[in-house]
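Next comes just one chain, in structure tokens: the form predicted alone.
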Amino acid sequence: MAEEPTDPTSEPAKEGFDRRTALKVGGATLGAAAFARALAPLTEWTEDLSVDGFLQKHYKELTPEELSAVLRRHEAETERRYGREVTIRDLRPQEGVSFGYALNLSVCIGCRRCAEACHIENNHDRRTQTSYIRVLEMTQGSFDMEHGTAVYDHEAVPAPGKYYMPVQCQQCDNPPCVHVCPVEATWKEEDGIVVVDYDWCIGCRYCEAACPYHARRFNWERPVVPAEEINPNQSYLSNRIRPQGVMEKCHFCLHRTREGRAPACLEACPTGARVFGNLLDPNSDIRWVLENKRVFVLKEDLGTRPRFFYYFG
């Protein structure tokens, strides 16, 4: 019996065969010059997309030596593009640590210093004043975040009859953003932080659509950050400058918190509204809040199981 003809449009049968594997094979087949021409349509729209970066293996598959080479490459690229020497590290979760965050809505005054600190700490684009934190002005007695506004320009806060609800990534234990990513560019780590591999993200924005908290941001253009304003202490999965065309989100300042420091937003809060810590430590501040305050989470009915808690009093 004759073999069935192969459908040229069918998916590759080889297990683990992905777009980057295909490009590696194509590069070996075509030769360097032809392969570069084939990639031209992809590289013309952004200088941030190098061939090495496009062919890079997934973060979880990199050997220590390969990861070290990736970090050094990004440091060199940052210096070349932004004129600033930086140190990019790979900080892994600590054993016995599971992070949680709580916010006292009774004392938050809506000053937005947390958002400003996030903006500076995480090397956000200076033109758009991007931050991972939106502070919603809410009417007292209302708890529906969809009726809040992040656009208010009072000379003084808090305004009469209002309270303020900062919203950022909730680091869900059942994160819909992770479930919809077609290339596994985002995942949840052992300490509870949902991270993004900016080198692996393809910018499809499925995660942005899936997040019920509007916590993800898309880089429409390469971020503009003056050299003197760049935070040089960076981590691969957190605050290194993101390339154009990828998603990003709050990561609990893992480059700080995995070394025992507080998130930048917490340090900036003038009223002490923010509480952060290890949920597995019975003596931590976050555990005290959960055990002694009446806490709630946003959109509990969706089953996302956030690690970001709110309380009054």
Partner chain sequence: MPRPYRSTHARTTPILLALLAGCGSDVERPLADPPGEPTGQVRISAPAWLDSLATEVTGTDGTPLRLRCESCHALSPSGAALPASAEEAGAPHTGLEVEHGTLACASCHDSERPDRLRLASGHVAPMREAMLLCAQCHGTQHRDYQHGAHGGMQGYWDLSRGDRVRNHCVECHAPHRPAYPRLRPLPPPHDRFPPVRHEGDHG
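Positions refer to the first chain, counted from 1. Here the structure is a predicted model, which means the values were calculated and not measured.
Omitted here: the form predicted together with its partner chain. The next part is about that form.
Open item on the list: Considering non-hydrogen atoms and a 4.5 Å limit, does its partner chain approach Glu190 in the predicted complex?
Closed with: Yes - in the predicted complex, heavy atoms of Glu190 and its partner chain come within 4.5 Å of each other.
TODO: Using a 4.5 Å heavy atom cut-off, state whether His251 contacts its partner chain in the predicted complex.
DONE: Because no heavy atom of His251 falls inside 4.5 Å of its partner chain in the predicted complex, the answer is no.
- [ ] Find out whether any non-hydrogen atom of Glu116 is located within 4.5 angstroms of its partner chain in the predicted complex, and reply yes or no.
- [x] Result yes; Glu116 sits at the interface with its partner chain in the predicted complex.
Open item on the list: When the contact criterion is heavy atoms within 4.5 Å, does Thr128 count as touching its partner chain in the predicted complex?
Closed with: Yes, Thr128 is a contact residue.
TODO: Report yes if all three of Asn104, Arg112 and Phe276 come within 4.5 Å of its partner chain in the predicted complex by some heavy atom, otherwise no.
DONE: Yes.
TODO: Output the sequence-ordered list of residues from 238-265 with at least one heavy atom within 4.5 Å of its partner chain in the predicted complex.
DONE: Residues within 4.5 Å: Thr257, Arg258, Glu259, Gly260, Arg261, Ala262.
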